[in-house]
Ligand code: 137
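A single chain comes next, written as structure tokens; it is the form predicted on its own.
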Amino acid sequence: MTRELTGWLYEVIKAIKSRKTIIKTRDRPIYDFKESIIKKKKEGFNPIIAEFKKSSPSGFKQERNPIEYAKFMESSGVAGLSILTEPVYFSGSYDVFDAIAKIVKIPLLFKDFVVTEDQIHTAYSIGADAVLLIVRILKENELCNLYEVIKGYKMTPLVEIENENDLKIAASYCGVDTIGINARDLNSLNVKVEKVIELMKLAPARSLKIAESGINKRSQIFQLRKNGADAFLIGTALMKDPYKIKFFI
């Protein structure tokens, strides 16, 4: 049972019950999500996680060929790809994830609203290397249980927070070491990149910190990196103009 949710988040979680579970032989090796970020940093690059999404509750819509996008981002040197699989509000699908997994050799983040172990089984089966867990939609025991299931598959759990309370839960209950700090408030959908900087200062020093949402300028990346960000998840800006990746890296 997740925390009390309202609005579009409630609808997303409710719809999960009717989604299929995919159990099949995995077609690709595990690509280490954390190691890819660390390697890019050591090589002097900004580790970018390029996101593929066709829509969002904020009103964003963008049609783009997922295979061409994934290949282009891989050739441009991204540390990994984040692929939305939620179908109602983000127009995602497991089939698109599976298709991308078959043609790239970089880490893939399964980005969805994960509240069941079945979703993790599906993520592994279709080629995920990392799985997003959102503190906002999970109770502490659910978070820790799903965290361990993901690790059991040798995938990386990326635990997303959006406020100080989320951070305390992630750090205190499950020993989380890879944290995504979301500049977007999932209730209001407002974006405050400054909030990410504040939370990074409070995050455990040992943790890998990924800045999420609202990044559309190279100057923001420099500011975030200076304040402790290890990697940068960028969706809207790159979906609108994939060639921006050349400036971000």
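The numbering used is simple: start at 1 and walk along the sequence shown. This one's a predicted model, so the numbers in the text were calculated from it and none came from an experiment.
Note that the form predicted in complex with the ligand isn't included here; everything after this is about it.
K.L.:
Based on heavy atom distances of at most 4.5 Å to the ligand in the predicted bound form, which listed stretch, 83-91, 114-122, 145-153, 97-105, is the contact stretch?
P.N.:
Only one stretch passes the 4.5 Å heavy-atom test: 83-91.
K.L.:
Would you check, heavy atoms only and a 4.5 Å threshold, whether K40 touches the ligand in the predicted bound form?
P.N.:
Close contact is absent here: in the predicted bound form, K40 is far from the ligand, nothing within 4.5 Å, heavy atoms only.
K.L.:
Looking at the partner-bound form in the predicted bound form, is L233 within 4.5 Å of the ligand by any heavy atom?
P.N.:
Judged by the heavy-atom cut-off of 4.5 Å, L233 is in contact with the ligand in the predicted bound form.
K.L.:
Spell out, yes or no, whether the shortest heavy atom distance between N65 and the ligand in the predicted bound form is within 4.5 Å.
P.N.:
No, N65 sits far enough from the ligand in the predicted bound form that none of its heavy atoms falls within 4.5 Å.
K.L.:
Quick one: does Q223 come within 4.5 Å of the ligand in the predicted bound form, counting heavy atoms only?
P.N.:
Flag for Q223 set to no.
K.L.:
Going by heavy atom distances of 4.5 angstroms or less, which of R184, K209, K195, K34 would be at the interface with the ligand in the predicted bound form?
P.N.:
Exactly one listed residue reaches within 4.5 Å, namely R184.
K.L.:
Quick one: which residues from 48-64 get a non-hydrogen atom within 4.5 Å of the ligand in the predicted bound form?
P.N.:
Going through 48-64 in order - heavy atoms within 4.5 Å of the ligand in the predicted bound form - the hits are E51, K53, S56, P57, S58.
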